[in-house]
Structure formats: C-alpha cells, structure tokens
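Single chain ahead, written as structure tokens, the form predicted on its own.
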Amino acid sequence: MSVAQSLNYHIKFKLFGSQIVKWQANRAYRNFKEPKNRKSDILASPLKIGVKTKELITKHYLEGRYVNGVRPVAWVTSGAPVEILKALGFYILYPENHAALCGARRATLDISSEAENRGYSVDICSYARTDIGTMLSGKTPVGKLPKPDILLACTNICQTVLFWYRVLAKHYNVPLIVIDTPFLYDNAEPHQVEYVKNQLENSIETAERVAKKSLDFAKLKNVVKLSKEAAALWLEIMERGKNIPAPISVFDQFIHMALVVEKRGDAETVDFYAKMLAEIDERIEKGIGAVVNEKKRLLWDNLPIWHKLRFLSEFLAEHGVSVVASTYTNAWGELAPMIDVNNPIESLAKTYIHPILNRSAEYKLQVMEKMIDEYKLDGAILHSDRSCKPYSMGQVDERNRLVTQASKPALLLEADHSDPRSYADEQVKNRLNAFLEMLGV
C-alpha cells in the first residue's frame, strides 16, 4: 500500500466522502418528502428506507473509487459463496449489480456498445457486455470501478459467467477461482455437496495468498451468521406481500434487493432490513397498499426490465394491478434456512448449490404454483429475458401449465433485462392490455 493510496482512501472516503453521504441521507430521512412527479392516486408513497438504500449503495461505490491498494478487491458473480472473501477482508464488487444499475440509469446501450465495437456479439448477455464495455472504456455511472485482485465465478447461475470472467481474468491478469455446481433435478446428494465443499476448501489458499492473511474461522462464522440474518429478514419482507393489500410490490423489491446481493454478510445490511421490515409492518397496520386500489395480484418470473421499472409499475397500478411476488427476489431469501452458522464451509456448499437457476424447470414451476397459492395471486407475468437463457428456458411450458393446471392467466413478455433494443413499447402495451382484459380489469 502506498502512502498516497492510504491518504486518498482515508481522507476522500473515510473522513469526508462517507460522512457527507451519511449526513445527506440522515437529513433526507428526517425531512422525507414524496417525489413531486409521483402518481399518488395510484401508488403509495415510496418507503422512507429508500433513502438509506441509496446511502449504502452510494457509499459502497464511493469506497470502490479509492479502495485499490488499501484493501484487496474481488469481483464475484451474484451466486458466488462470497462469505469466505468477506471474512478475509476483501472489498466485494458484483459486476451484475453494476450492470443492473447501468440498466436502471439507461446507460447500458452506450457502455455495451464499447464491447460490441471490439467484436463482442450483441447476443451475449447484456450484463456481460455492459461490464466488458466498462472494462474496456472505463465508462460507468458510478464514477470509477476498482480493479480486481481476484475473481470468483460460480456456475450456479449460468455458464456465461465462465467465459465472461475468463475475459476479465485475462484483461486484468489476476487469479480466477471457479466454483462448479452440479445441476440439481432434485435436492442435492451428499456427494454433490462434498464436491462443492472440496472446491471451496481448495479456493481458500488462493484467496489467502491474494489477501496476504490467513482465514479466521471465527470471523467466517460471524460473516455467515450475518448473511443468514440478512437473507432471513429479506424473506420476511417478501412474505409480507401475502397481506391484502400488499404493502410493497416487486418493483420495490427489485430496488431494495441490491443490498442482500451486494452486501450480505455485513452488519449494516442486517440493520437495514430490520428497519425496512418495521416500516412495512407500519404500513400493514395502517392498511396501506403499494397500489392504492388493489384489485388483482400477480407473480413476476425472471429478472426485472430495469429500464422500464417505473413504466410497468405505473401502467399496472393504473388498472389496480399489484405485482406482489417474484421468483427472482425470492431466490435471495428462500435458502436462508439452509445456512448453518456452526458448519460454515459445508453449509455454504449446500446453500449455493440450491439456487433456483441451478434447479429444474419443474422445481421452478412448483415454486410459482406455491407462491400463487400462498400469496393468493390472480395470474403471472413471465419475462422471457433475451439475455438470461437459463431463467427463460421452459417458460412456454411453465406458462401453459399455469393456465391449464393452476387455472391462472399467464403472460409471456419478451424483452431484455438491460438492453432497450430488445424492448418495444407498443408491443408490450398491446400484450399487457390483452392480458388485463383476461384478468377482468
């Protein structure tokens, strides 16, 4: 670590930057005002905790500007067992979260074009193209991303990450740890858990070498404990959607899930979700629904369409439709019960082998049918995501079975989670209007 890097980090981030962000957030929280352009006749006011969401995300990316040379940096896939790296003191960056943020801020096209102009196909996942575009050009709406000292990719979400992270590893000339998870058609067999556990144990030596310290298993247990607590609170928050009217929608969940992805394993994340749950419970006591005049309740399958969150939220709310449950946001909470704090390595192996994207289409259909029953839903929107083939695979059959077996209308909506070129306003409006007629609203 150079003196200049240390001074930059402690003065620009620790002493001033993070404190200013915190002060601004606390002031905004105390003097909370509803956005002037909000459609108050169809949507409830935003959660006050949203101010804190913005604060924590802003501080995280602000630290990233100055962290190189002060803390080791790891770039990881969203489904990676990050707790080991956190226990070793790594600053963690999730390229997928960064790409989602780019999508929400409508920066994807500009940044991904940098990758396409270098020969990367438009058929590659828009998250990958976005982050490769940032890697090549430095463009990002958060100012600057830190260079990685190590990369961690886990195949439990897709195979694209293998090729994506190999590109990153070659460009930055840093070690790449790959955790391969066998695909599950049912619950994991002991030999499958052992297979992943051995990989985790073998990865520790590489991570220790980069971090220049040994793993403290007491600290690992504490990080795992915090991950479990954050995921369990997140699950509780989503389950509050079973209330009628639902106090939050999936469009709220898509925004506030950032912390359970980006910062699980941190104490401030647990504190944040405890406060969010308390605010939601206050809404339930007051009978406040996310949609002012809730008439119908829907399920959302697959990733959100980041660049159209507001449009979709308002369009559906105008018709009294509240989207209250999602297989995507549920994935970050449903595995919390599997985490065993006292047996961290094997527990992580078991937990990270079971995400919904590493399981069969039959399992996902069962999850959807269960949510339709428990949340008392009237139908489903299945986002056929051009970029996320593993999540979209089988959706035609899933839609048909929801219609025939669950007797629920289901719409297949074609788009892309970030790339606006794969989205057509008129086509989406026409399909939504036809679907709303089927719902009777």
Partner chain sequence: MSVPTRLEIIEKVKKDKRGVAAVFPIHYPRELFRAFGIHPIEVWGPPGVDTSLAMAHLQSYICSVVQSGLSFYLSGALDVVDIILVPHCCDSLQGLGSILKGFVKKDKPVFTLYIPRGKRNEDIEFLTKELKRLYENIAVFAGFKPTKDDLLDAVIKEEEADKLTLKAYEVHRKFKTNASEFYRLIRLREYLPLVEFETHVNEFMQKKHKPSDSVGVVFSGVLPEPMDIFRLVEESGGVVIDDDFASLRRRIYPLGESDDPFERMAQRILNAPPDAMKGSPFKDREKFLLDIVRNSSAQGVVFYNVKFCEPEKFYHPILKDSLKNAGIRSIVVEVDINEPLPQQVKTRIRAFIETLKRG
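None of the values given here were measured: they were computed from a predicted structure. Numbering follows the first chain given and starts at 1.
The same protein also exists as the form predicted together with the partner chain; that form is not shown, yet it is the one meant from here on.
Asker: Using a 4.5 Å heavy atom cut-off, which of 391 to 399, 42 to 50, 57 to 65, 371 to 379 contacts the partner chain in the predicted complex?
Answerer: It is the stretch 391 to 399.
Asker: Is Trp164 part of the interface with the partner chain in the predicted complex - any heavy atom within 4.5 Å?
Answerer: Output for Trp164 is yes: heavy atoms within 4.5 Å of the partner chain.
Asker: Does Lys286 make contact with the partner chain in the predicted complex, using a 4.5 Å heavy atom cut-off?
Answerer: Answer no; every heavy atom of Lys286 is more than 4.5 Å from the partner chain in the predicted complex.
Asker: Would you check, heavy atoms only and a 4.5 Å threshold, whether Phe183 touches the partner chain in the predicted complex?
Answerer: Contact with the partner chain, yes.
Asker: How about Ile124 - does it come within 4.5 Å of the partner chain in the predicted complex, if we only consider non-hydrogen atoms?
Answerer: Yes, Ile124 is a contact residue.
Asker: Of Tyr91, Tyr195, Phe315, Tyr172, which residue is found within 4.5 angstroms of the partner chain in the predicted complex when only non-hydrogen atoms are counted?
Answerer: Contact check passes for Tyr195.
Asker: May I ask you to choose, among Asn343, Ser360, Thr206, Ser214, the residue with a heavy atom within 4.5 Å of the partner chain in the predicted complex?
Answerer: Spelling it out, the residue with a heavy atom inside the cut-off is Ser360.
Asker: The partner chain is absent from this chain, but in the predicted complex, do Arg118, Gln159 and Gln199 each have a non-hydrogen atom within 4.5 Å of it?
Answerer: Result yes, every residue of the spot touches the partner chain.
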